[in-house]
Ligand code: ASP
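Quick setup: one chain, the form predicted on its own, written in structure tokens, and binding and motion questions come after.
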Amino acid sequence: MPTHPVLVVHGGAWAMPDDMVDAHIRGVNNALAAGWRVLNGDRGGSALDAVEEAVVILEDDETFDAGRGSFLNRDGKVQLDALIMDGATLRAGGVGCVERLRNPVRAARKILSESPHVYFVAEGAERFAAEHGIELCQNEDLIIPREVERLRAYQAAQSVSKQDGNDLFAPTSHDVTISHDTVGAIALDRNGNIAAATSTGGTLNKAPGRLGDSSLIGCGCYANNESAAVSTTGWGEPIMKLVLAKWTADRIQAGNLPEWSAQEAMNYLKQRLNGHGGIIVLNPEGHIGIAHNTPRMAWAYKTVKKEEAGIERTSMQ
């Protein structure tokens, strides 16, 4: 029985300053439009194709912490992670710590579709991508001046803090004012299948080789036709420890609505580990949930009847 398509995207959750709001809303709306063209076109494309296309737009937008314009790690390099997952088959593809891919979600999709494996990292992921027709770039092509300056300022402040004997930058005191612009998309197609994708450049000044929640199944991304599609954004380490995307999907499979499960997940993240972030959730019936425990989160969604985008969300649909 055909279902009505639904698409939800996010572009980060943190204390977004006023002068960045318009760029974030514009970015998620552009991604929504690209994904919707796939999902609701003449042929009624798959949820998997829709989330891939939506995330590519966000990776190409320097506003966000994904693809070009991502945060730099401690060594001044961009290292990217991404995952895409098909709710019908539970097949997934993920890449971690890649430095020469403009659109890591494209490589993740190739892994899902053309590999018996689920996950490739670093040079192995780049080699797989190249062997499957994805052009590699130089890491310098992913770096922009804004992020060079951001890293310089952060490391200078960190140096002063240590000299003063403070530990303001310890992982237990992660700063919500530092951008968390991880991107993601979830979709339901006309055939009743759901899918999810998440992509990120990780955290500012991260140690080389550090992997966050975004590209790990069940942590920052998950999709299962029997429960839900989920994508998260925020401080990765607490989200990983709670396997938060799968935790949320399990609540929905047990009978809870996505809007309640999303808010419950954010409460759990805060109460259990003092974590912060945001989450988007979609069940196979087309009900959505959007929640965050940060001052702002960039999000947008579209159904055949309604379209909405925003930054602050205090009540659930």
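Residues carry their position along the shown sequence, with the first being 1. Just so you know, these numbers come straight off a predicted model, no measurement behind them.
The next section is about a form of this same protein that is not shown, the form predicted together with the named molecule.
Among the residues R91, H132, K246, R210, the one placing a heavy atom within 4.5 Å of the named molecule in the model of the complex is R210. Screening 187 to 195, 100 to 108, 213 to 221, 150 to 158 for residues having heavy atoms within 4.5 Å of the named molecule in the model of the complex returns a single hit, 213 to 221. In the model of the complex, at least one heavy atom of T203 sits within 4.5 Å of a heavy atom of the named molecule. Among heavy atoms of G87, none comes within 4.5 Å of the named molecule in the model of the complex. Residue contact check for D65: one or more of its heavy atoms lie within 4.5 Å of the named molecule in the model of the complex.
Proximity of W235 to the named molecule in the model of the complex: non-hydrogen atoms within 4.5 Å are present.
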